[in-house]
Structure formats: C-alpha cells, structure tokens
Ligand code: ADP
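Take a look at this single chain, the form predicted on its own, given in structure tokens.
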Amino acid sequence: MRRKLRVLFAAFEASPFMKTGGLGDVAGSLPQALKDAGCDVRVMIPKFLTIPEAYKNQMVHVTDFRVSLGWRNLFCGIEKLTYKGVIYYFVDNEYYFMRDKAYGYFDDGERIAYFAKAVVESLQYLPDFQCDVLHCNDWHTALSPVFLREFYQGLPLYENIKTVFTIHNLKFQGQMSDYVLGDVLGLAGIPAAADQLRSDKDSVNFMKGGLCYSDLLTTVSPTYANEIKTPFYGEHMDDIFRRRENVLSGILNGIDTQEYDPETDSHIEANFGPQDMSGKALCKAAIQKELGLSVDPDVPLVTMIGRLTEQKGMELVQRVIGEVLERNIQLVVLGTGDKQYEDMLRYYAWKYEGRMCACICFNEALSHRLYAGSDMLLMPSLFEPCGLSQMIAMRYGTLPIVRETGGLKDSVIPYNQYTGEGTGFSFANYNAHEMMFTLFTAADIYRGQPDVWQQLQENAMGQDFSWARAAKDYCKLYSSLHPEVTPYKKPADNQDHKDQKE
C-alpha cells in the first residue's frame, strides 16, 4: 500500500503561535520537514490567549465535542489553520487556555491533562484525517498514550494508532499530587495505570506515563539517549530507560537554516559565505564597536549565548573568568539566568572594560550579530540534551568550544591537529581548567595558524544541521511502527506523475 503516513504531532507550544523554549522551535520546524519528507503531518496545540490576532483571524472552526476528565464533562473546540503548508489544529477551551501565559498556574496539572485527553478524543472528529502515529512531546502530552491505551483501545478507529514520545527536557516531568490520579485523570481504579504513573505513594508523574505507555521513545540526540540510562543524567527515570532501551533512540535536532543563514541574514553588518568570508571581518569590527570592545581583528572574540545557569556551565566560567580575561581575549555574554551569575558577569564586565561585555537580556537580533561577528562560541554545559547555539554558530563560521556531552558531542567534531579534521574544540571532563586550556588552545590557533582556522571554518559551515536530516530519521521510526505502509515519496520534477495515483 502506497500512501503518506499520517502523523499527528502533539505539543503544548509551537512557533510562531506560542514559544517559551526549545520545544516551540522544534514543533514549529520539524513538522514542515516531515511534510517535505512525504508524511501527512498535522500539529495540535492549545489555542492560547496570547496567539497573535493575525493568526487567530485565519482560524476556521472544524468541530466541537465533549471531553471527560475525571468527573468533569468539558467543552472542546477544534480550530484549524494552514501555515507554511502544514495544517495546525488548535484545542479551544477558554477556561483552561484563555490566560496570559502558557504555564505557571495552580491548576497546570488539570489544564495539561485536559489537553492530553482532548488530543486523543479529537482523533475521531478530524475530517479527512485518520491517524497512524501520534507523536507526543514532553510531559505536557505524556498522558495521551496512557489515555489512548486505557480508555480508547478496542475502538476500531484507535486500534491501529501507534505512539512515539519525545523527551526534550527531562528536568520537567509533571509531578503532581496523588489526588490528581483519581479526581482529574480518572485512573485510580485501574491498577496498571496507577502503578505506572506513581513516582511514590504521594505523587504521580505525568512523564512517567508517557515513558511506560508509548510504543517508541526518542530524545534529541544519540549521546543523550545513552546518558539518560545512567543515574547522573536520568533524573530518577534511568531504570525505565534501561528497561526500555530497545525502543529508545536519539535523533539530533536541527535548526532553521533559512533564518540562520549568513548569506541572507538581514540582522548582520555584512553577508558572507564559505566561498567569501570577507564579510565576517566586517561583522566582527561592527559588534566590537557596538559593545564597546577594542576594535582589533587579531584579538579572539569569544561569545556565550543562552541561560546563565549551572546546567550551562556557568560554574566553570565563574572559576576561571579572571584568568581568561588576563589573556589577550575578548568575551561577550548574552543571556539571563541565576542572579549570582548575572552579578558576577556584570562585575567582570566593569573590571575588564573594553575586553568584556555582559548583555544581561535576551535580544534575538543581537544574537545574530554575535554569531556572525564572533570567532568562538563557548558552551561548557554540565549536560545538554541537544543544544542549538553550537549548530547556529557553525553556520556562521564561529567555532564552538564545548564539553563532550549530549548533543554537543554529537554535533561538534573536535579539531585533530594531525588530520586537520574538526568543526570546533571540545573537552571531556566537567573541569574549569580543562575548559580554560581548551579555550587557550583555540585562541593560539586563531592567532598563529590562520590557514588551519580557515579550514575549520569551512568544515563547520559545510555541516548539515537542517531539519530535513532529522525528518528522515523520524520517518524511518514511523515506518517501523507501520511496516504495512510503503512511505510515500515525491516524484522527481521530470518523473511521470503516474506513480502518485497508485
């Protein structure tokens, strides 16, 4: 049978409608790549108050029905919008979603359980779409596979639906009071469900349900998929990952290669590409001047972009920042986070004026200018499920210096002085001086071996971090769940279109 695999991609946020973090980026980009790879993919998210009116005005009402949640019987509307060729469904319930932000309310457990149940219930009401694979993302949709198995299995429409659950951030699991199990989820009377959802006698864990009930588990890089089977990275779930390792895989995230393209980026001083890097020098001079640094092409400019937390390696930076800045090196940090690190960075920016700048804010346009104008990007993370900054930096010929963990290890090839291979620099141990000496090595090569540096830049800019690469891997996973379906492939432009009609 030749047809497109039908995938419903469920997430609590998706750019450009709602985005609070990396999940929004993934749900906004991966479905488009899946569509281009030949899947019939639809995306389902809540209809939030904060979705821009321009998008709300384009939505069309599809259907409405009732959702049972514990003792509740609740309204659910489904609205539809096509964006960049992908159909998005919006779950409409004003009581739960007509609020100023996505998270942070006393009833988040109930709101998110409602969304997970509505996703499953909606599958019988969507016209012209019969789901093959329900792809759930993070703890906000982790209950959907549980509800599917416990309340819908046996109904003809649901018999053939398989589930994939992707972990984007294992830190957030949806820990709720045990009271929720019966009052909200309606699962207290089902011993198998209660046992697999409870994290202890006093609480339930939404993510645990998704990990136990889904047909396949994925996370956002191959190395992280192995790391989470250990106690250090597993966040008290490592026993589940070890038990289910035969259905666990890691697929490296991608980036939006159109948004992050130095040849067309409108945010930067001058455009450039691997064939003509002259514009990068102009970008460096411009960002040095903008941030009050000494304008000097020979001084290595190192940048950090992201959250200022221990997870991102700020503890290591704090230990050696003074030693680093005593060298002929410039440092720029862009981001917000823990107050102790924000204050520390402001102090060193004052002490080393002209060598360091601390931009304690989030500024998308400035981040583009830093990616384009910097020589190196520092990411010394304690752990990193995937990471996007290192991939973006490489697109701009800015070489990453990373710790070998998670997606950083999978995406950065460390420089090999004997073969010339490499797309950046890396260190293995979570050690401040190991990080510092790796940084000094990179700085020495930048200053003393310009030919080597240029080759590393060309290597980095030649890497494929597009979502198309990741989409192919996801399509293989989906196909493994439905071997009876021969994946549909678009014909070449000059090929007879007869095959499409078979």
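Keep in mind it's a predicted model, so treat the numbers as computed, not measured. In this text, residue numbers run from 1 along the sequence as written.
Another form, the form predicted in complex with the ligand, is not on view; read the next lines as being about it.
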Can you work out whether Tyr260 and the ligand are in contact in the model of the complex, taking contact to mean some heavy atom pair no more than 4.5 Å apart?
yes
Applying a 4.5 Å heavy atom distance criterion, does Arg307 contact the ligand in the model of the complex? yes
Quiz item: Should Ser367 be counted as a contact of the ligand in the model of the complex, where contact means heavy atoms within 4.5 Å?
Solution: yes
**OP:** May I ask you to check whether Asp138 falls inside a 4.5 Å heavy atom distance of the ligand in the model of the complex?
**Re:** no
Heavy atom within 4.5 Å of the ligand in the model of the complex, from candidates Ser122, Thr163, Ser389, Thr405, belongs to Ser389
The one residue among Ser203, Thr82, Thr230, Asn363 placing a heavy atom within 4.5 Å of the ligand in the model of the complex is Asn363
All three of Lys312, Leu334 and Tyr371 touching the ligand in the model of the complex at 4.5 Å, heavy atom to heavy atom?
yes
Testing 412 to 420, 189 to 197, 241 to 249, 377 to 385 against the ligand in the model of the complex with a 4.5 Å heavy atom criterion leaves exactly one stretch, namely 377 to 385
Restricting to 174 to 198, the residues within 4.5 Å of the ligand in the model of the complex through any heavy atom are none
